[in-house]
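One chain follows as structure tokens, the form predicted on its own.
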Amino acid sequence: MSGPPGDLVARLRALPGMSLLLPALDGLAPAHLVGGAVRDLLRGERSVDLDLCTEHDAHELAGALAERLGGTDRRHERFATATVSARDLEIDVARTRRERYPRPGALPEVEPAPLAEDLGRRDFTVNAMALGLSGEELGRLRDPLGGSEDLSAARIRVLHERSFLDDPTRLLRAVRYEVRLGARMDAETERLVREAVNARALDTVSGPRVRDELLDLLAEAEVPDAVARLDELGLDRALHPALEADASLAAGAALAALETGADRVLAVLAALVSRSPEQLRPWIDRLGLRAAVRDRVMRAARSGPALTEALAVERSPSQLHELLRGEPAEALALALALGAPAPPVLRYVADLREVRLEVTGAELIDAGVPPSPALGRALEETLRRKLDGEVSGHEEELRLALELAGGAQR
């Protein structure tokens, strides 16, 4: 058992929600803070994740906490966990446990176990620490596997040889922690990663579980480094043989997302898929993204390269609007990452994307224009001329639209 740094208790008390949680735990079953919050506290960072574990009944502890905090608790039977929601707090409570994986990639079977065993079943040493929240244990660090030393050494170290085979999503998580913590896997952990990649371990994991870890990875601030590491370790080809982790393209897409209003994570995912979108469509489907999100990614991956070529030709504002208006922002980000000229894209984003007519179809109908394709074409042509600066204001728009539609003047 390690003693805490001198100010660890103060850091613990300063965590958002602790002024409510610590008094509410008084007199209840002993509990510990675990996971990322402990790691972040040791790094001097504030964490919003409140993951608690107890060697006693987690449901009973969660129920008592919810009552004391004036909130509610949701119980999850499979892993003997619960979530307490109260005021602005969300607290996950779990019973300490050991795990057994019935087959590679499967969800584990669990049974109660002491805290030391619970820490030993986690992914990496830097996440295998616990901080006492009750009585004399308050602020006392439990670190049986040397996580604090690894954290100081910027080292990601796995806990046992079968870790990546039991749960292959840890392959992606290892890279995520490398870039988030500015760390590097130790030699043995990297050897086990490469062995699991060669064994096609990720093939045993469901698409949604891969999706969750992959999107978390692509959300990291240093995503170019993460993508470069995927390539270096062969994790991109392990996800799908046609996937190419191009760090430069990912960096360009992430940067261009800021300029185009694209979702940064989806822009980077589209960049990864853009080299072989048709081959990768079944893989994207397998990830189980929401249909609208999946379609944005695939449209961007397909359109981005074509837009890069099309944007090399000088276009009027209306032509630029016609070219880009049906494209998701992620396609614009990818086009910029692929080398499309920035001025027309940024002009579209800043000046043209939100241009709308002031006149409406209902006004034309009220003026005597019958509903027909001609009415729609008149509005389209009016918009085109507005974009090119030939008309402005409601009256000019109405006059032109009526003329184009062949309707009666007022």
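As the structure is a computational prediction, the values presented were derived from the model and not from experiment. In case it trips you up, residue 1 is the first one in the sequence shown, and so on.
The form predicted in complex with ligand ATP is left out here; the points below concern that form.
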- The unique member of D49, E381, D57, E363 whose heavy atoms fall within 4.5 Å of ligand ATP in the predicted bound form: D49
- Task: Heavy atom within 4.5 Å of ligand ATP in the predicted bound form: which of R95, R296, R170, R142 fits that? Just give me the one.
- Result: R170
- How about G36: is it within 4.5 Å of ligand ATP in the predicted bound form, going by heavy atoms? yes
- Message: Is it the case that D123, even though its partner is missing from this view, gets within 4.5 Å of ligand ATP in the predicted bound form, heavy atoms only?
- Response: yes
- Message: Under a 4.5 Å heavy atom criterion, is R176 part of the interface with ligand ATP in the predicted bound form?
- Response: yes
- Message: Test of understanding: in the predicted bound form, would R180 fall inside 4.5 Å of ligand ATP by heavy atoms?
- Response: yes
- Counting only heavy atoms and a 4.5 Å cutoff, which of 49-57, 341-349, 369-377, 25-33 contacts ligand ATP in the predicted bound form? 49-57
